[in-house]
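One chain comes next, on its own, written as C-alpha cells: the form predicted on its own.
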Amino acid sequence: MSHPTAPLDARHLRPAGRATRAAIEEAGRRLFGSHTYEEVSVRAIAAEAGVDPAMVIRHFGSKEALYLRSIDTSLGVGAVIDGPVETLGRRIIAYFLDQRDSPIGKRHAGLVQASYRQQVRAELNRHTRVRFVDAIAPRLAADDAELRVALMVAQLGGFLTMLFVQQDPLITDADPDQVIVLYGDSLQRLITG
C-alpha cells in the first residue's frame, strides 16, 4: 500500500516546475476522466504528461491526491439539489438516468472503486456533508433531517452502483419513467416522509 508523501508547495515553484505540475494535472484529468481509478497508474499519468513517474508523487504526494484534484466528485447534481425538495427524489433519479452515456457513470464507478482509500473516502464523506446534507437538511421540517438526507444518499449510492458499476439490465433496460416513479418516490419518502 502506498502512503502519501508531502507534495511540493505549488506557491514556491519556478516556471518550469509550474509547467510540470500543470502537465501532470492535465494528464490526470484526461486519464481519470475516461478511466476508473484502478485503470490509471502513476506510470500512465507520467507518460501522458511526459515526465518521470517520481514527479507525479513529488508534485501531488499520492495518486489519490491527484485523483481528487482531477475529478469532479459532485457528479453534476448541484442544480438538481438546489430545486424544490418536494420533487427531489424523482428529479435526481431522472438526472442520473439521463447521464447513462456520459462520463459521470465512469466517474462514479471510479469513486466507488477508489473509496477503499482513506483519502478518497474522507473526500466522499466531506462531499456528502457539504453537497447533500448541508444543502438539503436545513430545508426539511424534521428533527432528524440530517439522518434522512444521509440515508437518501446511501440509497442513491446503491442505485448509482447498479446503474453505472454493475450495469444491471433489470435497471438499465427498464422503462425510465417507471424507474423514476418507483425509485424517486422511495427517495422522496426518506427526504420528506
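Predicted model only: the values in this text are computed from it and were never measured. Just count from 1 along the sequence shown to find any residue number.
Omitted here: the form predicted in complex with a further copy of the same chain. The next part is about that form.
- Here the chain stands alone, but in the predicted bound form its contact with a further copy of the same chain, taken as any heavy atom within 4.5 Å, falls in 143-151 among 50-58, 63-71, 143-151, 25-33.
- A residue is said to contact a partner when one of its heavy atoms sits within 4.5 Å of a partner heavy atom; V112 meets this definition for a further copy of the same chain in the predicted bound form.
- By the criterion of a heavy atom within 4.5 Å, G158 is counted among the residues contacting a further copy of the same chain in the predicted bound form.
- Under a 4.5 angstroms non-hydrogen atom cutoff, a further copy of the same chain in the predicted bound form lacks S41 among its neighbouring residues.
- In the predicted bound form, L170 approaches a further copy of the same chain with a heavy atom inside 4.5 Å.
- Taking a further copy of the same chain as it sits in the predicted bound form, the stretch 103-139 comes within 4.5 angstroms of it through a non-hydrogen atom at V112, Q113, S115, Y116, R121, L124, N125, T128, R129, V133.
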